[in-house]
Ligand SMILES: C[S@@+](CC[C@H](N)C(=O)[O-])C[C@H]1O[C@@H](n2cnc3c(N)ncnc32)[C@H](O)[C@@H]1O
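For reference, the chain that follows is the form predicted alone, supplied as structure tokens.
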Amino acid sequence: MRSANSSSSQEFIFKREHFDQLRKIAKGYAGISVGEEKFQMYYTRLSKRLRSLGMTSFDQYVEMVKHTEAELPHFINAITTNVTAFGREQHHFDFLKDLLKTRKGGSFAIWSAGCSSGEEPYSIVLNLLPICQRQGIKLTILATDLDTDVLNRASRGVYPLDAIKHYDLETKRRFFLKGTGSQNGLCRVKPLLRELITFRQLNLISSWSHPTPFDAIFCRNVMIYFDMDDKKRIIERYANSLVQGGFLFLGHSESLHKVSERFDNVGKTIYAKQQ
């Protein structure tokens, strides 16, 4: 018999209690906060997980998520959305390029927090590396995400050729290898870029710290998953992880309004840590 909360055409019974328990776990483990409107999304995405595990009910799956720690990353991977692209929000990279043109020597450290499948940190490198090389600046990037699946893809650095179609031929040749044979239609980021990036799993609401502060942090389209209390805590920790005057880059629909007073807005979704 089908639950009143499930469509009669659905493969599995998905009750409100399943949804409530699962989103409570997501909030506790990763800080992910979702509203009632995500009910169907949870069903659709987690049904695929049930099939892959050979399960026949959400009762089984909820118990597994509750009591099997190894399932938690797979659960989070299923319910989070990883939408990214090379060169997304180019004005952020242009801002840093203009900044670095005024510097000579030293180092510049960037954290890509919520790096997804790697397009963001690779975009940072291919935009900034030529200037850093010219100015004698050592560029280093830490790229983190909670989702282990996208981190694995990011570290491989393999993408469809269409993903870089907007770059000119010189950029493509300098930073990418074109696939042939069985890899036709694909490209791979050259080792030069991959070696500048350290990929690491990190849960933003867990206990974390970094030994040295960053000059810039990219956290774009990540804060939308958190409630206000978690946003405030994370932004506070970002401020503590930046050098004085360091920069925080947010997504196009995000802002620090009523979240933090430790930053000044210096551009479109660009914030500078107050001196």
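Start at 1 with the first residue shown and count on from there. Since we're looking at a predicted model, the values are computed, not measured.
Just so you know, the form predicted together with the ligand exists too; it's not on screen, but the next bit is about it.
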Partner-proximal stretch of 50-58, 221-229, 65-73, 240-248 relative to the ligand in the predicted bound form, 4.5 angstroms, heavy atom:
221-229
When the ligand is placed as it is in the predicted bound form, are S107, T140 and D215 each within 4.5 Å of it, taking any non-hydrogen atom of the residue?
no
Sole residue of A163, L129, L196, L202 within 4.5 Å of the ligand in the predicted bound form, by heavy atom
L202
Scan Q135, T80, S155, T171 and let me know which has any heavy atom within 4.5 Å of the ligand in the predicted bound form.
T80
Is it the case that A30, even though its partner is missing from this view, gets within 4.5 Å of the ligand in the predicted bound form, heavy atoms only?
yes
At 4.5 Å between heavy atoms, is C187 in contact with the ligand in the predicted bound form?
no
Give a yes or no for L146: in the predicted bound form, does one of its heavy atoms lie within 4.5 Å of a heavy atom belonging to the ligand?
yes
If you check in the predicted bound form, is R88 within 4.5 Å of the ligand, heavy atoms only?
yes
For the stretch 168-192, I need every residue with any heavy atom inside 4.5 Å of the ligand in the predicted bound form, listed N to C.
none
